[in-house]
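Just the one chain here, laid out as structure tokens, in the form predicted alone.
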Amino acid sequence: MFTSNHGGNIREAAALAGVNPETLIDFSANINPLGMPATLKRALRENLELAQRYPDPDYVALHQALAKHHQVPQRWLMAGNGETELIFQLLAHLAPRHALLLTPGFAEYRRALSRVGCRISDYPLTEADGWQPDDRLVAALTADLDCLILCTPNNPTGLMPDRRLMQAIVSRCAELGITLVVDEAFIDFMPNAAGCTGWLAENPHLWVLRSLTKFYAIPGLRLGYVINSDEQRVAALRAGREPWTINAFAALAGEIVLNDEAYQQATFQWLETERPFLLQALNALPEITVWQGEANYLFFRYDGDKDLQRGLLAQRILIRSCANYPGLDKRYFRVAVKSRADNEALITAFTDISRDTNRGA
């Protein structure tokens, strides 16, 4: 139905539906529905003059803020114009020869690896295994590999690997000289998740990717960063990038938002309420099987006979079809957790489609 490979393309969806993009409720992009923090809005208004001069080419203040947030040396960090840009830049720098990818997973890993001529082997996650890896993944890490990419929590399933398993993967990659790239784009929505940053000091083969786009609702600004404890490798990565890849307002955002504890707590309170609500409501629908996950989105299978995405779009609701993920088909979808009003609108639309299906039967 869509030509876009990602969620959030409301322009294309609105054109297909013949409606104004502003009237769509977008469940296809996993963005914090609280919107941009008020502290950042105020800072942007007060610093419009930043557009009149070049940004600091080293983005010192931004890197200082990130280093303070993670309690790591500033030399371990490099920020970029969104995490996706960093995926391409990092993999071009690493130039792996043979990588292992878990499927389903974020499409840009495969595109970035293909661009550098890397051979790709797939490790399929299956519904029978709850879409989760286990010790068989550790066994699949062999000496002919030199790169493994993991997304934690996974996109699109929202599931986190077992902590013990992650430790085993980190150790196994170290033993075999496999570079491990861990994408933690959505981990900020999980206040109790440790992530992999605490393992960086002892594991220079480990690279952690982070995003500020989703949690702080700034997809239009674009801001992400990568962390690694090998200072020489990070310095080489920095030296190879183009100048001024981050605009001044995105850099300012990174300096501001990490200190906004009120916004962070408000986000956790919203998610603590709305995620269980949406999960329970989806579970109650007879044609839907939903997986628990741990992020700000839910992954499900639809077993009805309607064109679900088109049916919802007719009601001005856009959801993410996962049919273009390797290992999935047109039955699988992902929806963001949004405000109560939006979540209720989604469930009402689902219910209407379900009733139409039953009447048709």
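Numbers follow the displayed sequence, beginning with 1. Note that the coordinates shown come from a computational prediction; the quantities given were computed from them, not determined experimentally.
Below: the form predicted together with a small molecule, not depicted.
Quick one: of 110, 222, 93, 205, which gets a non-hydrogen atom within 4.5 angstroms of the small molecule in the model of the complex?
Flagged contact: 222.
Which residue, 267, 84, 179, 228, is the contact with the small molecule in the model of the complex, using a 4.5 Å heavy atom cutoff?
After the contact test, the surviving option is 84.
Residue 106 versus the small molecule, in the model of the complex: is there a non-hydrogen atom within 4.5 Å?
Residue-level check for residue 106: yes, a contact with the small molecule.
Please run the contact check for residue 216 against the small molecule in the model of the complex: heavy atoms, 4.5 angstroms, yes or no?
No, residue 216 is distant from the partner.
With the cut-off set at 4.5 Å between non-hydrogen atoms, does residue 151 touch the small molecule in the model of the complex?
Contact with the small molecule, yes.
Indicate whether the small molecule has at least one heavy atom within 4.5 Å of a heavy atom of residue 147 in the model of the complex.
Answer no; every heavy atom of residue 147 is more than 4.5 Å from the small molecule in the model of the complex.
Out of 112-120, 287-295, 138-146, 185-193, where are the residues with a heavy atom within 4.5 Å of the small molecule in the model of the complex?
Every other range fails; the passing one is 185-193.
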